[in-house]
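Taking the form predicted alone, here's one chain by itself in C-alpha cells.
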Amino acid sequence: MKKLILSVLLLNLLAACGSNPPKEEAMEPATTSAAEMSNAEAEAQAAADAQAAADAQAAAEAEAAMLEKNSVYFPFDVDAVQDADRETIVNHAEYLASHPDAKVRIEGNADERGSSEYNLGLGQRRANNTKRALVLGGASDAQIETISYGEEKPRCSEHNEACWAQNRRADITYSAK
C-alpha cells in the first residue's frame, strides 16, 4: 500500500517538474474530502490485500503440487538419479533450501528380483544418491536422512516389468513438525 501511494506521489512530482508553469487564471481549488481520500486508500488497500492473498494461494498450490511428486525412479540395477527426475530433485532441493526447518527421509526401494541383502544395499545407494542430488541442489545435509527398505515396501505386487518399475524408486518423505 505504501509503495502504491509513494509511486503515485513520485509520478505526480515528476509530472509537475516537467510541465510548463500554469497560466494565471482564476481556478477554483479542487477539494477532496477526508472521507473520499480514506475511501480511495481503503480501496487501494483492499486491492493490495486481495492480490497478496491470491499470490499466497497460488504459491501454496504450486508448493502442494510440487510436494505430490515425491518419488524418483530408477532403471533395473541402477542407482544413479535419472535425467527424467531432475525437475523433482530441483523442486525439493529448492523447497528444502528455502525452509531450513524442514526435514525429509529418503526411502530407497528395489524390486523383488535379487537377494534381500543385495536389494537393501541397492535401495541404500539409491537413497544416498538422491540425497546427494538434493544437497547439490541447495538442501542442507542435516535436513536429510536416508534408509533402505530394499524389496520390503513394494508399491505394486504383480510379477511383471510394469510393477517392478514402480518398485525401483526412492521416496522423499517430509517429517511432521
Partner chain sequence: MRRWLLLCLMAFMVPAHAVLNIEITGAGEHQTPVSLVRFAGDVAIARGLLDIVGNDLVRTGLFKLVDPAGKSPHDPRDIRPSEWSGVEAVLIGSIESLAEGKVAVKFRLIDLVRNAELMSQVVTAKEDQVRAIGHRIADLVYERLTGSPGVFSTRIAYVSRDQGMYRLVVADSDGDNEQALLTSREPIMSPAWSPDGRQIAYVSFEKRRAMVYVQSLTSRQRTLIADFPGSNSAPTWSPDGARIAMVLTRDDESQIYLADSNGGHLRRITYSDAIDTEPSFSPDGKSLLFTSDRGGSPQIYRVSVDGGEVERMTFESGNAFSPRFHPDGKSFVFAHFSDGIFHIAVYDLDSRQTQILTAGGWEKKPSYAPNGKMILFASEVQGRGILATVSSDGRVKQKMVAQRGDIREPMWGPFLK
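Note that this is a predicted model, so its numbers are computed, not measured. Positions refer to the first chain, counted from 1.
Just so it is clear, the following notes concern the form predicted in complex with its partner chain, a form of the same protein that is not shown.
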Q: Can you work out whether its partner chain is within 4.5 angstroms of a heavy atom in all three of 41, 49 and 53 in the predicted complex?
A: no
Q.
in the predicted complex, does residue 113 come within 4.5 Å of its partner chain, counting heavy atoms only?
A. yes
(Q) Considering non-hydrogen atoms and a 4.5 Å limit, does its partner chain approach residue 77 in the predicted complex? (A) yes
Q. Is there any non-hydrogen atom of residue 105 lying within 4.5 Å of its partner chain in the predicted complex?
A. yes
(Q) Would you classify residue 137 as touching its partner chain in the predicted complex, given a 4.5 Å non-hydrogen atom cut-off? (A) no
Q) For the stretch 161-176, which residues lie within 4.5 Å of its partner chain in the predicted complex by non-hydrogen atom distance? A) 164
